[in-house]
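The form predicted on its own is given below as one chain in structure tokens.
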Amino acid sequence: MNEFWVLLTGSLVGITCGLTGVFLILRKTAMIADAISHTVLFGIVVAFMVTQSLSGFWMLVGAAIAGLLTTFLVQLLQSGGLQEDAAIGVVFTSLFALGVLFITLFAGNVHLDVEHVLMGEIAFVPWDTWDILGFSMPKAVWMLLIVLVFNLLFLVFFYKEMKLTTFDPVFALSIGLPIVAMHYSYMTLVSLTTVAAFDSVGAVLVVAMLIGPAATAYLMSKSVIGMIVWSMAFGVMAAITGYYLAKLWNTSIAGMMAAMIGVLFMLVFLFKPHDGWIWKVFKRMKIKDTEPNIL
């Protein structure tokens, strides 16, 4: 039964992160996800300092606020003339360092472990359960399901707006769409997704789950809907194969899941029919062999 919950949690991480990561790739804001995955630690610690509780609800609230703060500070520094990559680097390292500092100063005697937040431990997920409406499931499963519902509802109700603000923001602004509000709403979802995945893959490896499946799906599909479906599928495949390989080789489950995302990406990049790198090399060789020798 424990294996089932581990596989379910890993698959939910793959689905939730894969769904959220598509527009990160399309908007070319992948590194913002990296920044948020680090700065949510700051939000979680501040939420604990204020409430003296490690409740999942307050963790989500703290993460959402930290994600919005990160996005706001990055845009503020950009408006002041700093390049985007430099702004992201300054913000996420500063807030992450503050989070680590606050843990050591104010949360040293509680179960708020930096290593656990960074790397996660999915094998322990089945032991921490919540009872809601008579159903007992691991806390990580509940949190991921709740965040997945939020993500799905957001995309269902604002799919056209997200597409328009992503591909033609000038036109979206001209017809009165709230581009800034859409951006901050989406960054809030990224923050919630990140903290929901803490118990399974940790803050660092969640970046791989957010970016890897979506980047692989970008190679496979030319439509947004196709990208979403492929991204979630690759996330689930990486989670399941990563779990069984980690069990076989007795290594980190979260690390193997992230590694499998890289493996899937390389397989698609190299061997995708018609567009893969190997396919293109063979086509170039075939064209070269068929060219007439004029000498």
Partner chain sequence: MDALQVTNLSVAYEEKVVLQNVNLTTPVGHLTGIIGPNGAGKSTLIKAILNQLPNKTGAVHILERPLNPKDHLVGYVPQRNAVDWDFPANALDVVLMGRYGHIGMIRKPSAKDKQIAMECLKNVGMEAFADRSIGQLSGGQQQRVFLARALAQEAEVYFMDEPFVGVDAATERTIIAILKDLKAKGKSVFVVHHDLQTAADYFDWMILLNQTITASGPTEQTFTEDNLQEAYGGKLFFMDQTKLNKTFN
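The model shown is predicted, which means the values in this text are computed figures rather than measured ones. Positions refer to the first chain, counted from 1.
The following text describes the form predicted together with its partner chain, which does not appear among the structures shown.
> What I'd like checked is whether Trp230, Thr251 and Gly262 together line its partner chain in the predicted complex, meaning each has a non-hydrogen atom within 4.5 Å of it.
Checking in the predicted complex: none of Trp230, Thr251 and Gly262 is within 4.5 Å of its partner chain.
> Counting only heavy atoms and a 4.5 Å cutoff, which of 127-135, 96-104, 165-173, 184-192 contacts its partner chain in the predicted complex?
Going through the listed ranges, the match is 165-173.
> How about Lys28: is it within 4.5 Å of its partner chain in the predicted complex, going by heavy atoms?
Residue-level check for Lys28: yes, a contact with its partner chain.
> Quick one: is Trp142 in contact with its partner chain in the predicted complex, heavy atoms, 4.5 Å cut-off?
Flag for Trp142 set to no.
> Can you tell me whether Phe150 touches its partner chain? I mean in the predicted complex, with a 4.5 angstroms heavy atom cut-off.
Judged by the heavy-atom cut-off of 4.5 Å, Phe150 is well away from its partner chain in the predicted complex.
> Though only this chain appears here, would Leu77 touch its partner chain in the predicted complex if you measure heavy atom gaps against 4.5 Å?
No, Leu77 sits far enough from its partner chain in the predicted complex that none of its heavy atoms falls within 4.5 Å.
> At a 4.5 angstroms cut-off on non-hydrogen atoms, which residues of 148-163 are near its partner chain in the predicted complex? List them in order.
Val156, Phe157, Phe158, Lys160, Glu161, Lys163, in sequence order.
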